[in-house]
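Only one chain comes next, encoded as structure tokens, the form predicted alone.
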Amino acid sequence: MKDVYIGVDVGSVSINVVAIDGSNELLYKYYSRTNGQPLEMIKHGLNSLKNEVGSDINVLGVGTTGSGRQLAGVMIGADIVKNEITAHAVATTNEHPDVHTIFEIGGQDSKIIVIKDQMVVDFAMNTVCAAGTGSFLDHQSERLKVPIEQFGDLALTSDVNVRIAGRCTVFAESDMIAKQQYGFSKPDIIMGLCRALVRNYINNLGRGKKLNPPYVFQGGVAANKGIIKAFQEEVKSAVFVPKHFNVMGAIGAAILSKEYIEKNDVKTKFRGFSSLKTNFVPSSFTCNGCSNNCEVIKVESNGQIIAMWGDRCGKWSQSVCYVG
């Protein structure tokens, strides 16, 4: 039997599932777009894990993170449910113990994490402005008719420094169109866009923070070599990209589940692979019990409410016996 710990990172754009062994070595990873069906993609990722690693695996712990961590935790029976900051920090310090600054850019949000002695001492998140996220690059790749997978390599062929206004997606796109009309090449415009995204990221998330090397860059956008170059130019230092840069949140969740299980000497609440056939139905409603007007998320399975969250006072979440 192979003993494994599973980590699941449910974001707005992608689903990441990993399995690690007792030494935190990666045994399996799954990265996929959600395509508007996060629950189905989680099931697919876990089924692929079972088929690829082997049916004789023994799941000792499960952790979830990301914007959809609560729902994923209920669905698969997570032992720990942690925010993205904690999960990314744990995964990065495991691979780069001396890291001081973590740059993370995903599809719909981005974050910067400041580390001291392997502990998070400061952080900032962007969940509003698209100009500092991967979705902006996706949109521009479609407009320029350049596959996003080729964006980075094409940017590195640029030999003209084109400045693109990066404070806002609207301004950036208008500026790119103007630069195209002036006759600048696609590689030059794309590299200018990479620099604009990084400049916007550092100016917004790094404002008022003391950023020191070593720097580590992760998240789906870390696949873009143009962005890596732009970061190195901006911070005037080397920027390291982890081998498994696109699933670091899931790796962190898996490591946290291992630490939790070992520290508390308990058995996992993992529902088992057979439970993936169960139908989970999420819904939401607004509680009018007070002026907070909380949006409460409710999850049902076979007509039974198995979890609720989102209420600040605990009126609804505490009324349900959590089924792990």
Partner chain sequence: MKIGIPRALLYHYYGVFWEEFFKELGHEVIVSPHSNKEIVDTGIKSAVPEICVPIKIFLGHLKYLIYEKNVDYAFVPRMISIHKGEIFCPKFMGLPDLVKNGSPEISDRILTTYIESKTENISNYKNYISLSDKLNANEEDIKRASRKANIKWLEFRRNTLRGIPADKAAEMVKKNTVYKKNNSNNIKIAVVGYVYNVYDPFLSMDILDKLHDLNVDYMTFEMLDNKTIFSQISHLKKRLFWTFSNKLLGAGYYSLKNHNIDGLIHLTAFGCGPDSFLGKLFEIESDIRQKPFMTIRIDEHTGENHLQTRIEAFVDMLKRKKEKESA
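Numbering follows the first chain given and starts at 1. Because the structure is a prediction, the values reported are computed rather than measured. For the two forms, the rigid core is made up of the largest set of C-alpha atoms that agree within 1.5 Å on superposition.
Same protein, other form: the form predicted in complex with the partner chain, not shown, and the subject of what follows.
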Contact residue in the predicted complex, from Asn161, Asn83, Gln150, Asn203 (heavy atom within 4.5 Å of the partner chain): Asn83
Answer with one of Ala230, Val90, Ala155, Leu137: the residue that has a non-hydrogen atom within 4.5 Å of the partner chain in the predicted complex. Val90
Each of Asn51, Ala223 and Val239 near the partner chain in the predicted complex, meaning some heavy atom within 4.5 Å? no
Would you check, heavy atoms only and a 4.5 Å threshold, whether Asn264 touches the partner chain in the predicted complex? no
Is Asp109 close enough to touch the partner chain in the predicted complex, meaning at least one heavy atom pair within 4.5 Å? yes
Given that the partner chain is not shown alongside this chain, does Glu142 nevertheless sit within 4.5 Å of it in the predicted complex, heavy atom to heavy atom? no
Verify the contact flag for Ser274: yes if a non-hydrogen atom of it lies within 4.5 Å of a non-hydrogen atom of the partner chain in the predicted complex, no if not. no
Would you mind picking out the stretch of 243 to 251, 177 to 185, 194 to 202, 109 to 117 that comes within 4.5 angstroms of the partner chain in the predicted complex, counting non-hydrogen atoms? 109 to 117
In the predicted complex: members of 232 to 269 within 4.5 Å of the partner chain, any heavy atom: Leu256, Glu259, Lys263
After fitting the core, Leu276 CA displacement of 2 Å or more between the shown form and the other one: no
